[in-house]
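Only one chain comes next, encoded as structure tokens, the form predicted on its own.
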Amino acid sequence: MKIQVPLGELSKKMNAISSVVPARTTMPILSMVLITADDSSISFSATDLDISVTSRVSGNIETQGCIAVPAKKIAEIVKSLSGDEVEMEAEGEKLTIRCGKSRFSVNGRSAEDFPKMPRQESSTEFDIQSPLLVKMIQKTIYAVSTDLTRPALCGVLWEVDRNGLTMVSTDGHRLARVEAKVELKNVEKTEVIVPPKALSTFRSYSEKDEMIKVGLGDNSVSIEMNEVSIYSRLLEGPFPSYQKVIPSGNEKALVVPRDDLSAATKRVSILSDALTHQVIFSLDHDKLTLHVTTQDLGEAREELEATYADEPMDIGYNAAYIQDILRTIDGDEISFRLDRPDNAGVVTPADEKGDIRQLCIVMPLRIN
């Protein structure tokens, strides 16, 4: 095999594909990237057996072939290079890399040792714009649970039908739901739970505004882009019936500027408890006061203008949870729909526009 590829493109692709390679593995071949040059394209493939990625790179093919080489080391080498074009030449189980005046010789393994890249029989397929899917992932992935004893919560629920796509995530303390009303032709109603690593991998590759094809199989999901193919196993369910935990009787409305609330929460939480990160929201007529009292650290307080017309109330929230929500909500103002200080609050954009509908639920903390 002998190929020439642009350094800039190679660097981006190797950085992204390295995220798929497991940091530790009992199978050394999984720490490799498979480089393939055939009659149609140059491709770089990696897998951890749950997620597989094949990334195609533009370039010139002098001689076809393939070789498996250490992914992290190749990424480090490529990152260190300076120049316009990288030449890669494989002889046996050794890969030579040349760029400018630099030359590296890396020991690899036969491509025959590399796991076969999986193929999927999709029961449901649909096309969707890449930026829309990225936005939906951004608005839900932060609330995914890390509790491995509840594996269904360790992913993002996808609900697909002909009228659009809904994504939901929850860790028991907060919930994020985003709905996109788009026409998905010939799609039967389907529910799957997609692991966050697969979604993060897609985000790392999604740089272009393009139409992508999503395929859902019995236990897998595939995402086909112009230059990248991603395959991932699905998580086993069932996902909890999240509709039952969305409050329906929250009548107290608080509207506050998003940027002001974000900045104030960040400042006040500097003195919050290191374990709970609790910040108290004190609501009064057209006023919101954030305050923290931590015995070993001190006190912090900040007052914000807001729209609120109900009785005064104090609610404790985890500041990190509030910040996560504020980072993902679009618009200038945030709406809180509240009930009692010990009940979940519903957070949405105050003025929602477009085809996306977003809703977040956050549980309060008991005020000491």
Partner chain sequence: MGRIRKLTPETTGKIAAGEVVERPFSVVKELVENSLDASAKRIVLEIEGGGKRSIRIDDDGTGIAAEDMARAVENYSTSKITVIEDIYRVRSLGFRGEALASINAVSRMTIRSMEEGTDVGREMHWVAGEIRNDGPLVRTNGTEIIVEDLFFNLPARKKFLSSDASETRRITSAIQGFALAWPHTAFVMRSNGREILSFPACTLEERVEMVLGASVLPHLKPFAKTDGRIEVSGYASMPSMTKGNRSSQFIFVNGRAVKDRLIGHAVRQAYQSIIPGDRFPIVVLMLDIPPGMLDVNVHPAKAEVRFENERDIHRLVSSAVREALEDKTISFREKVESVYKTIFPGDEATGGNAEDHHSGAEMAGEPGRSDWLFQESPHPLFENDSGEVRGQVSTGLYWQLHDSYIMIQIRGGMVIIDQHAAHERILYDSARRNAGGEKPAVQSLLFPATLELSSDEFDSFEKITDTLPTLGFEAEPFGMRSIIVRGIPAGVRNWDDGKLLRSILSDLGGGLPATDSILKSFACHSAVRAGEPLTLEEMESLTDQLFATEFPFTCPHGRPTMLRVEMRELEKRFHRTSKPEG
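Predicted model only: the values in this text are computed from it and were never measured. Positions refer to the first chain, counted from 1.
One more form of this protein, predicted together with the partner chain, exists but is not displayed; see below.
Colleague: Taking the partner chain as it sits in the model of the complex, is Thr170 in contact with it (heavy atom to heavy atom, 4.5 Å or less)?
Modeller: Thr170 belongs to the contact set for the partner chain.
Colleague: Would you classify Ile3 as touching the partner chain in the model of the complex, given a 4.5 Å non-hydrogen atom cut-off?
Modeller: Outside the cut-off, so no.
Colleague: Taking the shortest heavy atom distance, is Gly164 within 4.5 Å of the partner chain in the model of the complex?
Modeller: Taking the distances in the model of the complex, the answer for Gly164 is no, it never comes within 4.5 Å of the partner chain.
Colleague: With a 4.5 Å heavy atom cut-off, would you call Gln278 a contact of the partner chain in the model of the complex?
Modeller: Yes, contact at 4.5 Å.
Colleague: Can you work out whether the partner chain is within 4.5 angstroms of a heavy atom in all three of Ala274, Asp296 and Tyr321 in the model of the complex?
Modeller: Result yes, every residue of the spot touches the partner chain.
Colleague: Among Glu62, Glu311, Asp332, Asp342, which has any heavy atom within 4.5 Å of the partner chain in the model of the complex?
Modeller: None of the other options qualify; the answer is Asp342.
Colleague: Tell me, out of Pro115, Pro257, Pro240, Gly215, which residue has a non-hydrogen atom within 4.5 angstroms of the partner chain in the model of the complex.
Modeller: Of Pro115, Pro257, Pro240, Gly215, the residue with a heavy atom within 4.5 Å of the partner chain in the model of the complex is Pro240.
Colleague: Look at the stretches 147-155, 249-257, 115-123, 86-94 and give the one with heavy atoms within 4.5 Å of the partner chain in the model of the complex.
Modeller: Looking at the partner contacts, the answer comes out as 147-155.
Colleague: So which residues in 332-364, when you check the partner chain in the model of the complex, have a heavy atom no farther than 4.5 Å from it?
Modeller: Going through 332-364 in order - heavy atoms within 4.5 Å of the partner chain in the model of the complex - the hits are Asp342, Ile361, Met363, Pro364.
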